[in-house]
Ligand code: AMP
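Below, in structure tokens: the form predicted on its own, a single chain.
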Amino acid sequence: MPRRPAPLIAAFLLALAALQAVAAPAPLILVSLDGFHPDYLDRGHAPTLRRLADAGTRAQWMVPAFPTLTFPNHYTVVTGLDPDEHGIVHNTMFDPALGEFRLANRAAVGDGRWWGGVPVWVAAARAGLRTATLFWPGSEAEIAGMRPHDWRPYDGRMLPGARVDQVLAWLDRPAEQRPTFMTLYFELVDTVGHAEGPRSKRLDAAVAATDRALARLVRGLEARAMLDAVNLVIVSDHGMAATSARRIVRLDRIVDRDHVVVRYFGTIVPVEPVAGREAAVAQALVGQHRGMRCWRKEQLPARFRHGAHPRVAPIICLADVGWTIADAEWVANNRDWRGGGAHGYDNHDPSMRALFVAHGPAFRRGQVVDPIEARGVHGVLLGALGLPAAAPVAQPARIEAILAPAAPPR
């Protein structure tokens, strides 16, 4: 029969448990509204998001990382690293050792060798906090030998309400099983923005539908008396620009398609010259063209902070805002396309601006701060969780302006 602890030891253990309970950070939910431009807040279709923004801290906008694509930016938010540092340099990329990475290639998406850096859920787990992720890019892979305690492979058929209910179910667990860090992801605004463009009525309806999902989350937190006890950070990964079938750059009319490998057409196009054709391809492509500009990777503008990682293709072609880079095959396969919306453009263009809203006890109330960079959000998340940063965080002054003075020290 096990011996009971002496009264003094028992009292110490109770006091330690109480201290740990007091010191435990408030739950943090990181929410992504994919493709949500901050100007959408002013259209009158997102009252819940507006309420949270007005009561908490809102940045004028968030500057996305380059390239302004979904996977690179989502992973920058949770690691504090630029794509050139964490290795997710595009939604579609090639690595000589790993092969090709595409969003539809679930084996690649779930392969931790692609994902560098330390995402927040790994940092939190190392500190003894439970984590749960719902569809955040990177969370399907084992990174640094760890996965979130709860995670699900991406399923676009899962309705927004069911996603919210999953997060609320996590919060309903007993304290010792309840995640402290959670993620939630909604893609409808991005999907409709691509199909119909950023100024369409259907886009407004998508904003309203996404806001209703946020309202479901808020109601669920209020019913549990947790709205002011849970920290919410709501971001998007990029904005959206209107495109047109009249604004297409035909790459095959500039360079011989037999001389290049192109794995992706659209707004930012990685070009790999075939062996022996490097000089001819560079001669044809590098420079300004109608509707796009191309650079050797080592000559990309410094403000992009991009081009050093070996997964970046030797030549990068970037469409002017509103233009699409294509070839004859792409045009033939998209004959009915009349335009819609796209992202991937220059990350400093106003159309690519992203959203940042923070609400909860870790954040200051009722303020609008200067723009924050996507890589700076990582420091906000660590601060809300009371976790130290493994390396200097980006924009420390901006982070201090967002975190409430009573927030746990980083």
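A quick note: this is a predicted structure, and the numbers were derived from the prediction, not measured. We number the residues from 1 along the sequence you see.
Just so it is clear, the following notes concern the form predicted together with adenosine monophosphate, a form of the same protein that is not shown.
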| item | value |
| --- | --- |
| 4.5 angstroms heavy atom contact with adenosine monophosphate in the predicted complex for Pro137 | yes |
| Residue contact check: Tyr154 to adenosine monophosphate in the predicted complex, 4.5 Å heavy atom | yes |
| Exercise: Tyr185 in contact with adenosine monophosphate in the predicted complex, heavy atom 4.5 Å | yes |
| Distance check, Leu69 to adenosine monophosphate in the predicted complex, heavy atom within 4.5 Å | yes |
| Stretch in contact, per heavy atom within 4.5 angstroms of adenosine monophosphate in the predicted complex, of 137-145, 208-216, 303-311, 225-233 | 137-145 |
| Thr243, Asp327 and Val331 all contacting adenosine monophosphate in the predicted complex, non-hydrogen atom within 4.5 Å | no |
| Contact residue in the predicted complex, chosen from Asp190, Asp150, Asp84, Glu196 - any heavy atom within 4.5 Å of adenosine monophosphate | Asp190 |
| Heavy atom contacts to adenosine monophosphate in the predicted complex at 4.5 Å, residues of 323-358 in sequence order | His343 |
